[in-house]
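For reference, the chain that follows is the form predicted on its own, supplied as structure tokens.
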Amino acid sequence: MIRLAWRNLWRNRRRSALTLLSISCGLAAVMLGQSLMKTIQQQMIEKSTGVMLGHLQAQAEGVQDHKVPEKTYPRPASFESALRADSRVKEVSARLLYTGLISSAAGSRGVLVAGVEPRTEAKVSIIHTYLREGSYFTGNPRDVVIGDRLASDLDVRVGEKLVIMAQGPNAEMASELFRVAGIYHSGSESYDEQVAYIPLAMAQRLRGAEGRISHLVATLKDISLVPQVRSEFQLLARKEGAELLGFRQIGFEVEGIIRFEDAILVVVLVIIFAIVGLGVLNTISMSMFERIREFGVLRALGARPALIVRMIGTEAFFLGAIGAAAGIALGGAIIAYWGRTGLSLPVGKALSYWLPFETMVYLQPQWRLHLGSAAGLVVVSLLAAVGPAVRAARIVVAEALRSL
């Protein structure tokens, strides 16, 4: 059966070759789309969790804006100690976020004041990797680290003084003097122009919130463990007045983009599968009409209808399997090439307002998705052959033998 189906497949070499080409190119296109989308998604997650979100955040219960929590709460000592002691947790750091006014001799700007613990913050955030001038805190409690856009607007350089004003708990205004310790460039307009980092103790003093924080942020050694760790520590967090959130609950924009891109992948996959299915259907149907007399002879010699179905199904399987194998090779080669040289896309500019993102994307293979798509194409090829196979099995022997 296998030998007969193989020979039948190559009776019309040009037709079979074109069908195989359509299957392989279709699969290669699907693989490229999967690799591109998932690579971009992975980079978005890495950047968003690296600059601010972290993998987990413990915020005060009842917070409405999870990006910049409007509520503060006492630092949860027991919860923090338990989280630090867990072997799956890489680092834990506390932050206090609020809006304020930063001023220099040249002008003033509204900013997001981020009170951080420099030593632990450097392990949960990647902002320090974008430093262009100066240091990521020097140990001076009045250090401030700002973006290059903000430094340009205020016309300040490393070592120069700034004043930060913020509203206290009783609506009174407070101000403190700081000195620029470092200037960073992340490529994100929001961060480079609107965020100023100062030591947590000074942020609490300026805000009049000694001992209180906006949230604890934690990074894990494996990001896939976020749901598991969150589930295990949620009850302990609530005992100290906090709610433990994963980065997907906080970064809803990133989650929305990921879902949108996944939906696009599904639509593209359906379209490619439909095109491939029609191509296989055309090839198998043409082959069937050319071999009506042959099927009649087989039936006259005692072949059962199931034999005809199996033979045509085997031919369709060969088409799908060979096309899928060629598609994997072609798609893998394209992904490997752009994974090494990089693919320049305007994604960085599109996301630059609210998230640092490189314009060069280095593709990464997604073999689980690629192999699943290849298997799907083989199944589509088999399904496309069902109609012609059933028609061939139901032919009337006498009429088939009279056909030319």
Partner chain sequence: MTEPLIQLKHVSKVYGAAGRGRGEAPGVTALEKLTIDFHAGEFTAIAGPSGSGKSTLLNLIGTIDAPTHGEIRFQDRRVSGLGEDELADFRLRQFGFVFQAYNLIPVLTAVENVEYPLVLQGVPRAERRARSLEALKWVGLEREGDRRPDLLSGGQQQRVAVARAIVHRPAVVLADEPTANLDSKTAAALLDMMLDLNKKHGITFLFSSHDPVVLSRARRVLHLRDGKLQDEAV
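Because the structure is a prediction, the values reported are computed rather than measured. Numbering follows the first chain given and starts at 1.
Beyond the structure shown, there is the form predicted in complex with the partner chain, which is absent from this document and is the topic of what follows.
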Which of these stretches, 134 to 142, 105 to 113, 153 to 161, 293 to 301, has heavy atoms within 4.5 Å of the partner chain in the predicted complex? 293 to 301
Distance check, L269 to the partner chain in the predicted complex, heavy atom within 4.5 Å: no
Classify V89 as contacting or not contacting the partner chain in the predicted complex by the rule of any non-hydrogen atom within 4.5 angstroms, answering yes or no. no
Taking any heavy atom pair closer than or equal to 4.5 Å as contact, tell me whether V254 reaches the partner chain in the predicted complex. no
Although the partner chain is absent from this view, report whether G208 comes within 4.5 Å of it in the predicted complex, heavy atoms only. no
From first to last in sequence, which residues of 8 to 37 have any non-hydrogen atom within 4.5 angstroms of the partner chain in the predicted complex? N8, R11
